[in-house]
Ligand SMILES: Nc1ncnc2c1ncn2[C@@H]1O[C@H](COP(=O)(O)OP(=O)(O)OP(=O)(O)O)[C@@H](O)[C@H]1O
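This document starts with one chain, in the form predicted alone, laid out as structure tokens.
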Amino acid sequence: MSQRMQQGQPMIILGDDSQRTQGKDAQSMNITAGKAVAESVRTTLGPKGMDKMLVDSSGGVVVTNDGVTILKEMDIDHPAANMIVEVSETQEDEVGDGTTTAVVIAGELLDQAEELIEQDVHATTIAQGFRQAAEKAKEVLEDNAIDVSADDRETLIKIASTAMTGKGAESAKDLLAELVVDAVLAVTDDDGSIDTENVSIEKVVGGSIDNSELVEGAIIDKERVDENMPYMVEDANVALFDGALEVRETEIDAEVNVTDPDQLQQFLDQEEKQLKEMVDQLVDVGADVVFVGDGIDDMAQHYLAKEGILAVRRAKSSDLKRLARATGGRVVGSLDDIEESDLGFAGSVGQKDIGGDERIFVEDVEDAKSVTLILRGGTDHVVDELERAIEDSLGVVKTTLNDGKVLPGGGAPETELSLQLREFADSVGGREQLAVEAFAEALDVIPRTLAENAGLDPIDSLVDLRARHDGGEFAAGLDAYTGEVIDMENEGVVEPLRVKTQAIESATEAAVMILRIDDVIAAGDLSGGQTGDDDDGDEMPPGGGMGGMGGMGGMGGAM
């Protein structure tokens, strides 16, 4: 080892193409990237938020104001910017809504931190202050949360409606909110667990949003296998078979030499007999409808049709599971041991035309634990955006039922936190106090953005909000339609507690992680898309030029 290495001087071995940014330059570059991501979705926040049109390289168009969808579709390459995108993805996975809120708060925290770094406050101090403030914020929110029970259907509908406000579902949100609540309550298990995967969504282009409906049961995107089978079966016993109604193949490759035409006929008769036996097994247990996971032989189709059984082949295993939950049946792997108790029941199973497509409807079931929402809309873009709004709404109703606590909307919680954290900052010693104050300042971005997006004066709105909260009105929030500050709880604008706590937690963690990076070592040129003179590097590269850091392979050589 060389003398220099022993003296403790690090030796960095990097390739020629590698680029290294250190200290404040690295922080500044990462903060700029994070802020740019937040800025890109900020105008979509709130009931008056605008939409984004995203066009991918193959010409596919997505029109949405759903934060997580925008950030996923934008195809962001900058590693620090991707940390902010992860915030929205975590928010979506955990609670289903509040993705834009989380990202906007993260961006504002970075903006506030940048000012403190310029005042020579160390990034570690800022991080400690931010974490303390986030903990205090969660306490304040939990203390002020409003209890909601599963029986309070009215409040659940308001929560579902709030989650859809400002999205493509706005025009029919009252109807859709009821459908969402009914769907979630239907799939709730006896032990209270809820899996929204059991609410399947069928999108149909044609008709208006008002024509959307909830089918208590399942819709399978298939048709009956034979024209001679009944179109509709009332009071149907439903068999679910995850196999094939075909002649069993031999396990090993076998060669059979047929020397006599009679032998061939015997083979065919034997196959026919096997298929007839399979169908007889279904008839014996009393099946009126059968869903098969694999193929159905032509001869088996003939026998099924003769017995008046409606059959569907190549049903996906996910469809079979949904049918089992909907009808109360059990999926069997072999027809030899099928029993009457394995059959499910549906008041009606039939093939119907919906939006020009033939599908099998399994409905009128008692206590359906799997339901289907049919979403209608005039164009593909409308139904796609409708689906995103419904998914957010399903997520918040599920979260509310799991946690039983909600908060007022309209910027009310953030305004309250901003005031309380400023008071809390006085009790925090040292320079962390500045970071706590900066955190309080950052939370003002939500009511400010709500006002801006609604075309209101943000300063007037903030002053009004603060005055009402100073007077002890926790639920005072901004009505984006009238510009008035009103009681959000009375107005029914509420959202789950966890949407807010998760947004603040994720935003804080992402901001702290970005702040703590003081050295960026990249395998390649960071400023991929920049043109013109060589700037000081803290500008975010435009558009598609955010690449260049894909591999991060240059770090392999660092010693």
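From 1 onward, residues are counted along the sequence shown. Note that the structure is predicted; figures quoted are calculated from it, not measured.
Separately, the form predicted together with the named molecule exists; it is not shown, and the next lines address it.
Shown here without its partner, the chain carries T44, T100 and G409, all of which come within 4.5 Å of the named molecule in the predicted complex through at least one heavy atom. Here is the short version: of L450, I309, L394, A442, the single residue with a heavy atom within 4.5 Å of the named molecule in the predicted complex is L450. For the candidate set S461, T165, T188, Q112, a heavy atom within 4.5 Å of the named molecule in the predicted complex is found for exactly one residue, namely T165.
Across the options 325-333, 370-378, 472-480, 227-235, residues that bring heavy atoms within 4.5 Å of the named molecule in the predicted complex belong to 472-480. Interface membership of G67, defined by any non-hydrogen atom within 4.5 Å of the named molecule in the predicted complex, is confirmed. Residue contact check for A218: none of its heavy atoms lie within 4.5 Å of the named molecule in the predicted complex.
The closest heavy atom approach of R498 to the named molecule in the predicted complex falls outside 4.5 Å. Of the heavy atoms in L240, none are within 4.5 Å of the named molecule in the predicted complex. The partner is not shown here, and in the predicted complex the stretch 173-195 never reaches within 4.5 angstroms of the named molecule through any heavy atom.
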